[in-house]
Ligand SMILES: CC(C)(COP(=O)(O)OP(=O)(O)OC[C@H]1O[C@@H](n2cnc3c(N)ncnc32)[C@H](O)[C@@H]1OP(=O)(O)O)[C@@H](O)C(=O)NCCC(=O)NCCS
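Quick heads-up: it's one chain on its own, the form predicted on its own, in structure tokens.
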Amino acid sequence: MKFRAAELADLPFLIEIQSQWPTLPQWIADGFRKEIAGSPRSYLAVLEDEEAILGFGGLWIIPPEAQVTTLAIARSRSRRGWGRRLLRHLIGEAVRRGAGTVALEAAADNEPALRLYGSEGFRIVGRRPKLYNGAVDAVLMELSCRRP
């Protein structure tokens, strides 16, 4: 297993993984292309093993804060700890690039994601009413990071 920056050749795999989770905010191909082309403030990572891309996650970093923009694991590989490893990688990258706080949001009805984020130290700091499909609240969470 390894982490690396996403490349344009990964685009079909990213779109396929994203499509497996209909409740995940769906990025269009151009959105992925912009993140892959990147800027010093963005980072899109893939997690892969010797067989395939297992998942992807993104960050926007504007020190002293970072925002997790997306995180998804292939459905066939979910519930095996890969999401936790990917989240930890993103947090580490955010800290490496100068962030002291990492923020994210999740759908209020996405209990597995909320449990994962809570178990990694994220705390709830707010809500955005009916953000997802005009029906489900977004739960805003933050993690205060210790700098090495």
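Numbering starts at 1 and runs along the sequence shown. Given the structure is predicted, the values throughout are model-derived calculations rather than measurements.
The same protein has a further form, the form predicted in complex with the ligand, not shown here; the description that follows concerns it.
For the marked spot (Leu14, Gly38 and Glu48), a heavy atom within 4.5 Å of the ligand in the model of the complex is absent from each of the three residues. Of the candidate stretches 82-90, 28-36, 95-103, 59-67, only 82-90 contains residues with a heavy atom within 4.5 Å of the ligand in the model of the complex.
Proximity of Ala113 to the ligand in the model of the complex: non-hydrogen atoms within 4.5 Å are present.
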